[in-house]
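Only one chain is shown below, in structure tokens, and it's the form predicted alone.
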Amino acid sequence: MAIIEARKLTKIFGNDPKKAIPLLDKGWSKDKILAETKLTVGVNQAEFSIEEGEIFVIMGLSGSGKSTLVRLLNRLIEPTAGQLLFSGQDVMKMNAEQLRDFRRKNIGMVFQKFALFPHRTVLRNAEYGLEVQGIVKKERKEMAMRSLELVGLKGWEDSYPEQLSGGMQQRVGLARGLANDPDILLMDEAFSALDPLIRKDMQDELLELQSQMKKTIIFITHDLDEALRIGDRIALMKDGRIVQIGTPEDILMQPANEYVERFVEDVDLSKVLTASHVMEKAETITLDKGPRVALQFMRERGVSSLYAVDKSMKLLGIVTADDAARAIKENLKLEDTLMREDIPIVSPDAVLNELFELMGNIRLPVAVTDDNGRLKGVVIKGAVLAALAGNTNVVTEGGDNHESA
């Protein structure tokens, strides 16, 4: 279910901004409107919906309109036109009191600059927003402590900002944004001021937090690698207009236009594409079939090994043609010949550069299993190379995928 819906959401800066709306309808560019009317297009008729619990990244270069757009979502900047819905409720029609309640109860915000009060302890910084809301001291302390624990700062509550590293200070800002348990967390260039290594750590921590919190996070960034790493979906902006919305793989593999192509041309696909993107159907057998059936399956499918699974597709091991032949000769059960150890296994979310060393040391494909050990597919070298070359439709031809991979 969509928690946020934007319909032709627009912001024009300048005198009498509404006169620019029909010009946008005519397809006038941002530059042409500025030259002809002296009005500046901040956001140009943005249309999107954000699902509950997803990380929705809004990205673009400086001046693209991304920070303006995120401030339209809580009306820190008043939209010029359009419609904005929160769980079906029209935010544009909220009066001043309703808007204050909406901001206090439903939305938290984390900024690029930590904006911590140097004279306040970590705890008192985390509870500041709750204090402004008039929440009683005992309750706001408990709420702030919960959020500090969530971001890994339990034990630092009595410290002062100057005693913390940059990453820890940003965690305080994150804890402050989470303290009132908002439905939506707006993060505007939240990690941009951090050193690269700390920034990556914070990205990891945000993803870990999200696995626990399941919040709806709207994350603003100008960094494509960051967007690809943390976003469930990405909205790419240019000149105030959203030019493409899609998953990281959509943006990389199916760019909407030449601008998007140029934007993503230098991305290292091995750090973005996952095993689930390139995996193929695994050739399987259940143990009740026996070794003779296993050999027949291999002949029919043109492979020299099969993945043994149970009825729920849980991976049990691998049976090769040699093993099946030996089972027949020695009157063994198929399960007695299974290769159970040293089976290369990864999760569907494993990025491809994590597979290189694994695939270089083995002849078998890499099995892809879920958290319950169920076999989802296999990754062969040909599919990985094809994906890294930008071709996701290449299928390895001929030979035995299980052996020649």
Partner chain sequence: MNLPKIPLSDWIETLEEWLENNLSPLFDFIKLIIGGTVEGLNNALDWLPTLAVIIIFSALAWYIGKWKMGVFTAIGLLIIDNLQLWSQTMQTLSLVLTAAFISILIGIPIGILIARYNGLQRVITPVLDFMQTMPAFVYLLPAVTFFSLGVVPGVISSIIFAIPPTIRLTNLGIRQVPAELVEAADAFGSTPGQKLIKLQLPIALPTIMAGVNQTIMLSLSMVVIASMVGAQGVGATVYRAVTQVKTGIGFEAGLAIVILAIILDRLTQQVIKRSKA
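Numbering follows the first chain given and starts at 1. Keep in mind it's a predicted model, so treat the numbers as computed, not measured.
Heads up, the form predicted in complex with its partner chain isn't pictured, but that's what we're talking about next.
- By the criterion of a heavy atom within 4.5 Å, residue 74 is counted among the residues contacting its partner chain in the predicted bound form.
- For the chain shown alone, residue 156 is not a contact residue for its partner chain in the predicted bound form, no non-hydrogen atom being within 4.5 angstroms.
- In the predicted bound form, at least one heavy atom of residue 100 sits within 4.5 Å of its partner chain.
- Among residues of the shown chain, residue 176 is one whose heavy atoms approach its partner chain to within 4.5 Å in the predicted bound form.
- The stretch in contact with its partner chain in the predicted bound form, judged by heavy atoms within 4.5 Å, is 121-129, chosen from 240-248, 121-129, 199-207, 215-223.
- Out of the listed residues 111, 86, 297, 259, 111 is the one that sits within 4.5 Å of its partner chain in the predicted bound form by at least one heavy atom.
- Contact with its partner chain in the predicted bound form, defined as a heavy atom within 4.5 Å, holds for exactly one of 151, 275, 308, 116, namely 116.
- Contact residues in stretch 201-226 (any heavy atom within 4.5 Å of its partner chain, taken in the predicted bound form) are absent; none meets the cut-off.
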